[in-house]
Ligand SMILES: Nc1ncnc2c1ncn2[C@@H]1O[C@H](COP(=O)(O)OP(=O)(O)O)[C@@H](O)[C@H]1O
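A lone chain, given as structure tokens: the form predicted on its own.
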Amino acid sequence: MIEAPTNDRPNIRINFSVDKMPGKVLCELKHISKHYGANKIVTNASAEIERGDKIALIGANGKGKSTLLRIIAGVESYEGERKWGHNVDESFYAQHQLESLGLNHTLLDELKTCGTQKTDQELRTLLGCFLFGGDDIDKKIKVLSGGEKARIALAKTIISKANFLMLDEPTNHLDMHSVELLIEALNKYQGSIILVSHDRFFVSQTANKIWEIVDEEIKEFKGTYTEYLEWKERMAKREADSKASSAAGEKKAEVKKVAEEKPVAQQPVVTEQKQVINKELKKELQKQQRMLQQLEEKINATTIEKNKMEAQLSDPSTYSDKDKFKQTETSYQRLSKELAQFNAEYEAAFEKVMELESKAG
């Protein structure tokens, strides 16, 4: 009898411990400014982190997410005021922490330096969650790769008993199974979190607030990452509709004004030549109107497809299949570019229609 293959990595759990309860506000930022020469990250920005917050700092690369996280952690210079709340016991995970690992310690010894009360077996189980097993436990820190050291530093953060975690790209060196275990642990974690991650699935599963650096300010959205994306899409559509409506209104008002101000004496006599021109104008107008309708249909269809790709990128199964993820990500980027192009063409066609309507009217 052939037995079904078993998972070499049992579905063990990562468990956090929190020693003490902090006050309502864990960290308050007041009038924070941070500039690198002409590059301005934040200017006179203010924000608060409250008990129970699980905040994801999002935005394009180079916008200063990790810099802001380091300011909160107190390892980056800044102007303004950063104030800790009552009973805050913080732990900061970032790449720079690798330098503080004891190079001659074994993996097990390094975890014991945290002062945890966990047994050796509990620590071995935790190491298993971070892809260390068997003889790995007895390895010296100095022989580990950069990725392995990062996983040990993250494991130390997990057992720190802190009530406030600051995490900079915590999933960088984890496989999908370990990411899922970390997500489950963070969702059960009784403390507060602020994190930076490029992994959209991880962010969508852990955050209950979103921070984004916009125009050198910290903009807060109270809700999940999925809700944030939906809100952004609604705002973008509303803005586009408003611009289109405003442009149409201004154009019509301009046409009306010109018609009203034009002296009757200067009205040209309708000639056969003008009738031919008007016929051509109306023909061109109909052509542009058809084009406008076709572009509107393309925009609607592409938006639907783009939304499907976004939904797939939020599906855990997409990330477990490397080829599927790559294909989905590529499709999403292609559809985003196409949508931007269709919108630009729509605006141009709309302006053309307005111009022709004024001439043909």
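On a predicted model such as this, the values are computed, not experimentally measured, just so you know. C-alpha atoms forming the largest set that superposes within 1.5 Å between two forms make up the rigid core. Residue numbers here begin at 1 and follow the sequence given.
Absent from the display: the form predicted in complex with this ligand. The rest refers to it.
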Practice problem: Go through 39, 333, 44, 293 and name the one with a heavy atom inside 4.5 Å of this ligand in the predicted bound form. | Solution: 39
Quiz prompt | this ligand contact in the predicted bound form: residue 327, any heavy atom under 4.5 Å | solution = no
Practice problem: With heavy atoms only and a cut-off of 4.5 Å, decide whether residue 33 touches this ligand in the predicted bound form. | Solution: no
Quiz prompt | Distance check, residue 60 to this ligand in the predicted bound form, heavy atom within 4.5 Å | solution = yes
Exercise. Using the partner position in the predicted bound form, report whether residue 66 sits within 4.5 Å of this ligand, counting heavy atoms only.
Key: yes
Self-check item: this ligand in the predicted bound form: contacting segment from 99-107, 130-138, 67-75, 220-228, heavy atom within 4.5 Å
Solution: 67-75
Quiz item: Out of 105-127, which residues reach within 4.5 Å of this ligand in the predicted bound form, heavy atoms considered?
Solution: none
Quiz item: Superposing on the rigid core, does the Cα of residue 46 end up 2 Å or more away between this form and the one not shown?
Solution: no
Quiz prompt | Change in CA distance between residue 343 and residue 59 in the predicted bound form, which is 3 Å or more, as closer or farther | solution = closer
Practice problem: Specify closer or farther for residue 175 and residue 307: how their Cα atoms are spaced in the predicted bound form versus the shown form, given a shift of 3 angstroms or more. | Solution: farther
